[in-house]
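Alright, here's a single protein chain in two forms, structure 1 and structure 2, each given by itself as structure tokens.
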Structure 1
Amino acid sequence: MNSNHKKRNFQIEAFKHKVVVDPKYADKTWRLLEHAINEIYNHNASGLSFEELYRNAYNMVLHKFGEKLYTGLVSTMTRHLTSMSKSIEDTHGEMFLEELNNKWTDHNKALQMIRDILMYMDRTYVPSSHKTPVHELGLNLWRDNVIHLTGIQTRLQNTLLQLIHSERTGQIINRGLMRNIVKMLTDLGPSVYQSDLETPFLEVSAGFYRVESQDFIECCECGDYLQKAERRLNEEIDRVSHYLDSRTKIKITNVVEKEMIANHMTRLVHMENSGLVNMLVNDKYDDLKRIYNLFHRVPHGLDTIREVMTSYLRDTGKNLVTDPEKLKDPVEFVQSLLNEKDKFDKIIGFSFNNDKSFQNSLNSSFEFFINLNPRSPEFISLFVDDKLKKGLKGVSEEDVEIILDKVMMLFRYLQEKDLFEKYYKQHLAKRLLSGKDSSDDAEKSLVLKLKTECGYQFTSKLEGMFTDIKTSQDTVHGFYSTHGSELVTGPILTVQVLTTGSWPSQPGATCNLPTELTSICEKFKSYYLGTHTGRRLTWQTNMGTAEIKATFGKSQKHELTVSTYQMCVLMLFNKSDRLTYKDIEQTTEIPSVDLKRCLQSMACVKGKNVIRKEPMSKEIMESDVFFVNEKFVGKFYKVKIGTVVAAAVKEEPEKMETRQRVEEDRKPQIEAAVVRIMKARRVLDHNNVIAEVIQQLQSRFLANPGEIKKRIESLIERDFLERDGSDRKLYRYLA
């Protein structure tokens, strides 16, 4: 034996020079490793020495046999995988997936061990020769030799899709197994996952939902359909979280959204008796919330909802403001508007997530139909008048604020705010002068709100009115404390001194006050003028009331509350029993129209006929004669005699007058705006002038372009502006 020789051959030399190793060494080492790999795949790894195998692999690579090692690895692994795939293929029915999963697990375990053993090669030979690293190699080989094997690939896809379909139709499947298989696919790379599973999955799902949605929509009401859609959507999200890749979530939800919602959007919204309008009318908050959430997910979904809501609102609103029944009762009119606003505020709050675009639609719709009725400003003022007149006693301060805030909200929608201001002023004047002290705080609160909304100018006169009332109280107080002693026996006088500019202008009228009053009236006048020099006082006889004690017959006593005119007439009967119309007219000098009404209220109204007239006709003629009605008996001690309101005909001209006055007032405002704008800009073209004027006056009223043009022409005529010489579209400011 040449053992000595052999020993000498195996002497280990120092690493200083290359050692050419016997090629047989390489073969031998490889065979060792190959055997190890086989054992690993055969679940026999326990008997192997990791350290030895690692060293062998290391040596191979070190001695330049990396290539051999690598190719050997490839072929061995491929061999094993091929046999694995055969066994998978041979599995029947339900065990297919499970077998696949098992083999995959085995392969992964083996791969890990192999990689650990071949780590040196992985770190040195592989990068330098640009080969695929071991782990990746293992995955690729699995993919090529197992998954993409014709027999297995299609079968795998079909099985998976079939299971998903079963789950969709209500069956329970093994989600854990699904998850593992899907993870396998994702581990093999995103392209494998996508082409082998995700894309066909999405396609099949689209088809499934297309059919299902078609079935549902034929037989379901909108609300039910939406519930089903929501359920399916949640199901898919759940599915993804349990066993699909998270990146599939957005894709599958898009599919469901498209098939179940987007494709049927219009039909759903317009479904008769159950669509969006029905939901709005019946305050179905949950259904509305669902439809909002679902439609939110699809393009133009919310636009569709919003359009339908807006057109419904505008129609309803338009009907509301033109309903003849409602127009008879202004308070009812406004209350209906407030109710409608409340309703939609709630809907947008509960169901539409306070979506700003919906709120904007709501606002623009309200603005649209409120201004369809030219009497809206008047009605809103009447509503406020009603609430403040009746007194808000019993209503808490917070509730008062809430009502006023709601009124302000409607006020903001008005285009003709200046018309509202005029009516509000008239109504406020009536309220303040009626003598009732109720709701003073509420009045002031509302004025403050108007001031915040529209600025100081809007409310300065209103505040003047309040001041006058207060000052008058002080003045009367001062009057009585100064002259008190002299006046004890005479009539009691309460005066309100009104500053002309602040109060709605009243036409002056003649009227001679009864002699019984002249003394005290003069005393007051001189008292006042004594403390306020340079002022002029005029008694407004068309306003004011008097309380008179009267005795009818022998002993029938009553206290009558009458208007100033009525007082003047009645006092005349202290001096004579019989008076003709002419007598009365001459002595009192009250204008005939008012005098007739005044007499009619006292002679022709049942229960208030303190005066008797001959003949007993309904109308007051200039030939009539009047007497005190000695037989008058009133129900109560105190009798209030109103003034006959003339036929509705009189109301119309008054309204026309108010509107005309407002139109007239607008002209100087437009001119002022034009001048302001031109002064700043110096030169500006026609369209821009119009646009800026409209914008500047927006807070008061909507300016009409034709009217603006007229005002511009008037300004040109008066040499405030001129047209530009070369471009006639331009206006120039003339300093």
Structure 2
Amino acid sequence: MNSNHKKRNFQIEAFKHKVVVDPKYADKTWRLLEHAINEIYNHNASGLSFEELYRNAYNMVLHKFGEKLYTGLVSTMTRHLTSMSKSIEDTHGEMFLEELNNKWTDHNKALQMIRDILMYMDRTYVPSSHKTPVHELGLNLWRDNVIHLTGIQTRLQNTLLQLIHSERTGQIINRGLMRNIVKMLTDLGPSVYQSDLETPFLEVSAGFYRVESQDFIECCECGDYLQKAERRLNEEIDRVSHYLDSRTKIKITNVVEKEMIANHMTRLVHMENSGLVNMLVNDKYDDLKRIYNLFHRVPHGLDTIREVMTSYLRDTGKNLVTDPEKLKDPVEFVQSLLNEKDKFDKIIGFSFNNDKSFQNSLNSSFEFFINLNPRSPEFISLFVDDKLKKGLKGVSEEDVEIILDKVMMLFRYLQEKDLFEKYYKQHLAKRLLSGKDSSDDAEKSLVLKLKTECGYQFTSKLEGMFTDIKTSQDTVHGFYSTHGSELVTGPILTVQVLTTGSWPSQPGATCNLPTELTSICEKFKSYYLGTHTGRRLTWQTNMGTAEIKATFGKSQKHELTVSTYQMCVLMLFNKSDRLTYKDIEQTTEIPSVDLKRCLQSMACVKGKNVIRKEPMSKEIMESDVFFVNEKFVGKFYKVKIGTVVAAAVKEEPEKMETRQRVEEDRKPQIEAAVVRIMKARRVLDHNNVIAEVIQQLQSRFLANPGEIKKRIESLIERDFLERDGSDRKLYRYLA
């Protein structure tokens, strides 16, 4: 290619010949287009050439006759719509809507074809001259010349509302036709739909449901009323989905909710023999689910249900924990609490959608009434004791875990967790020492749960008890391995060596063991102290058990399971036929209270009376004389003789002693909390110290403000704290 080639410049010149337009061109062309529009409205469009008509409209706009075309279109469409409106007005009865729908369909079809013909005008002339586009123009003309005619507008509104009323009263209506008419109103613009149908529809609906709800509530029970309200609500939602505008849904449901639910909430929940309390008492889960779902829709609805439920639950719980009959049986007492918890867990889970606010109310209610009974910690421990001793035999591991989790749930509600720990420790000790555990795994599982809940400090001593039992087994095995040949003929000794700090403190009362046991006990003591330096052994004879073989009469043989005290008493009768109370007391040196209970168990309990006394009575007197019951015959070869439980009056000092020990244990914990807080804050006023101590200790117990004040005074005396010189309510930490 030649790079030196010169570029040529092109120039477009103006058309030299002037185009002359026929003066009558615009009128002729418009007449053609007007005729076409008339034919379209008269359903004769099949013979028209839309290409030719489009070209004519195109040329009119091109030759600056857009205004003539637009105004002509308006007048022609108006004329046809006026004719249509006359036809609609003249229609009577049920055909009114049919005719309106037919004419609307005709107008829409015509409008589509007209818009196609005038597309060029729509794209160029209309935007430049700020006119309304053809389709929108057609809708506006339909609105002004048909829908908003006085004779049609009111009639249309009344007809639509009457049809909706008929449907509400159970009649069947033409939903397809309704849908078309409503769509027409929405196509004409949101304001038309709202003013011509939605607003009056909502007003009429409010009146309808106001009257109906009043009629229902006078004659229906709560459950039936709620079913009717739910059905009405669903009907309105269904109505919107079939033929009303979707934006009406929230408005009409608000109307139904206000008139049928919100206005009657209080009366419904308190309705006699059928309200919320009745549903809770009779486990009406479906009705409860319905009331929750309906009340959830209105302001403060759930608050109303929750308040009634909480009030009922607190009253029921209060009656339960103060019921004298329930207090007689700790296991039944705790089982009643668990049953009540299960019941409300199911209600909240199934009926109340696991609503957190209801769960919180349930928890706060249980915490309220379970702590009204000061013996709740003891009873929960006794429940665990019963289950772990005998109640879990044959129960699967999963079910055991469920029971333990329920116990832990009640434990969390306790304010005096340290009191539970004290009782649990005592009961666990008895179970471990008597070998009555139904499941060692279950015991350890519960301790692990307590550890997770309260920390290592809470369970360290409990874990130490398990360690002692395991170590004791190894120790006894080692003892017999070393001295086995010497002990072939004597009694078999099983020893539990307990670490003093880990086990509940027991009164150190000892007794004189039979000579048959003394030598083997001394041998064990020598063996143990020889293998463990720096330790001291003290025999806890009040905690032991024994199995002895006895022959009554000439040939009646039994194996008796007794306490160590009982064993000591029975062995005396190998050497004497008759013994006085004083003889037994002096020989054994068993404490008087324990000895009387021990003798009562063996002489006064039917079926267990291996000894007899003179004179015969239910109480043990110091003047009584005892001898072997030669005629004793047990139902089984093995006979277990328990120890008579002390009367309730005698138990009270023991309970008071346990509580006093707990109170004493709390004092150093309160002092430690005060010191921790003051060390961090350096200076703090009295009220804030009290509040923070309660907060810190609430995981173990609810600290008493009066006791906290005493502990603060004690710390001041010991120079841990001092009062501020100018403000006595202000404390300062002394390093």
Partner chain sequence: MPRASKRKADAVKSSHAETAPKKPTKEVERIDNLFASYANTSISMIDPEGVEKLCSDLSVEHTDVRILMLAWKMNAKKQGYFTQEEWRTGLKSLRADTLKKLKKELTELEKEVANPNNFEDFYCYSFRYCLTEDKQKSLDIESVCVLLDLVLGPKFRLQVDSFCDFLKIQKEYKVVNMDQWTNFFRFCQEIEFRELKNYDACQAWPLILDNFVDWLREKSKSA
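When a residue number appears, read it as a position in the sequence of structure 1, where counting begins at 1. Note that the rigid core is defined as the largest set of C-alphas that superpose within 1.5 Å between two forms. Model, not experiment: these values are computed from the prediction.
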Open item on the list: Structure 1 or structure 2: which matches the form predicted together with its partner chain?
Closed with: 1
TODO: Please say whether, between structures 1 and 2, the C-alpha of Asn273 moves by 2 Å or more once the core is aligned.
DONE: no
Open item on the list: After superposing the rigid core, is the C-alpha displacement of Leu498 2 Å or more between structures 1 and 2?
Closed with: yes
Open item on the list: Rigid core aligned, does the Cα position of Thr169 differ by 2 Å or more between structures 1 and 2?
Closed with: no
- [ ] Having superposed the rigid core, state how many Å the Cα of Gln566 shifts between structures 1 and 2.
- [x] 5.4
